[in-house]
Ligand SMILES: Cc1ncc(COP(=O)(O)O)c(C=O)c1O
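First comes one chain, alone, set out as structure tokens in the form predicted alone.
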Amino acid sequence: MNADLNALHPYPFEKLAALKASLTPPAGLTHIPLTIGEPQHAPYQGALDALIAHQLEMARYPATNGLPALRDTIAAWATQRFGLAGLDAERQVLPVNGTREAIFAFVQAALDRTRPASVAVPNPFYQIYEGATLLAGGEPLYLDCTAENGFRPDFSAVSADTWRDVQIVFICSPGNPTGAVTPLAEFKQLIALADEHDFIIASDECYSELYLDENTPPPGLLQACAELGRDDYRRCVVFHSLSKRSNLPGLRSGFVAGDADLLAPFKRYRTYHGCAMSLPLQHASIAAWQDEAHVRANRDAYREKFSAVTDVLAPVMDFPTPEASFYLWPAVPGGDDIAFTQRLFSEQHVSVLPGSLMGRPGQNGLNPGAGRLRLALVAELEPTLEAAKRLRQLVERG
């Protein structure tokens, strides 16, 4: 077996299960999980209808490059959403089976193992960044995201000597778990650093359509490129998904877009990888990317939840004002996120994810996720609000 498998950490939810294994929650309280970022809102019906309408196409092999109609739809959506001059649907867009699969595969294809291979990741982070790096023979570089830097990586603090070995920089905006949004100025700063030090920027933007201010959608990496006049999107790729946008996590549908010189070898890798999206799923994806009404309704539902939960928790817990995504990132009174998580489950039958399970010891030797919780506000309003009330009761109990 590949020896690099031994370097992988258990997934956060495995660790959480172990923390809860010996605990007995109150029998009289219904369990409310705020752990996994799996949308519980109704999936977009138009996509489900398209699946049924095209079900007989399961009898055909799909192409790695996807249907021209899907690539055209994605290119049109991204061009309109991010104010691009254009996006070449043939060369600059590649449909994929969700961002998780694509991020993992991209690192395997992009990392050059013949030289030092460092991959910079925000810390705390989505664990696929780290796992993909380790299995590609690379070394993760953890960039701490703390309250002091707005829960975003401070790229100006990275030395030139460190940049020398960096081959890929991962951005997650809006951030998981923090919800922080990267401003255009920081994207542009990173593009300049990529030019200077010759690394790839991989921007995970799967939460980009879940934002709280309808008039302020989060910017994206390709948008920064466009403002700089870089329509070739050199050294830049973005990852988008229908999982959160359209409540379709089981569809496993997304896309990668950006630098054609990066996507061409990535497409060749994927041809051998055997991961083309089935044709009914492609037709469902076309339907979802073409409709914005259901996305606006989705945002409205999340705004209502964020407002209600903030009213309950803000008086007793400190957390950054949410900008986007569906997470809250509150600090734990007393600072012990593990003990608090166990108490919350055993006393209130609510499951949350301790922040320390999503981070690693960083530049100063401390885990920037420690002392915080990730609350995934993915269920409907009533159970989510009930969970917030139970959480507050525990905090007030002390």
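Heads up: residue numbers just count along the shown sequence, starting at 1. As the structure is a prediction and not an experimental result, all values here were calculated from the model.
We do not show the form predicted in complex with the ligand, though everything after this point is about it.
Checklist entry - Considering the ligand in the predicted bound form, which of Ser118, Asn176, Gln223, Asn123 comes within 4.5 Å of it through any heavy atom? => result Checked against the cut-off, the match is Asn176.
Next on the checklist: Looking at Pro219, Pro280, Gly131, Gly98 here, can you tell me which has any non-hydrogen atom within 4.5 angstroms of the ligand in the predicted bound form?
Outcome noted: Answer to the contact question: Gly98.
Item to check | Partner-facing stretch of 316-324, 123-131, 68-76, 152-160, counted where any non-hydrogen atom is within 4.5 angstroms of the ligand in the predicted bound form | outcome: Checking each option against the 4.5 Å cut-off leaves 123-131.
Item to check | the ligand contact at Arg245 in the predicted bound form, heavy atom, 4.5 Å | outcome: So Arg245 does not count as contacting the ligand.
Checklist entry - Taking the shortest heavy atom distance, is Arg252 within 4.5 Å of the ligand in the predicted bound form? => result Within the cut-off, so yes.
Next on the checklist: Taking the ligand as it sits in the predicted bound form, is Val237 in contact with it (heavy atom to heavy atom, 4.5 Å or less)?
Outcome noted: The answer is no: Val237 has no heavy atom within 4.5 Å of the ligand.
Checklist entry - Looking at the partner-bound form in the predicted bound form, is Phe106 within 4.5 Å of the ligand by any heavy atom? => result Phe106: no contact with the ligand in the predicted bound form.
Item to check | Contacts with the ligand in the predicted bound form, stretch 198-225 (heavy atom within 4.5 Å) | outcome: Contacts from 198-225: Asp204, Cys206, Tyr207.
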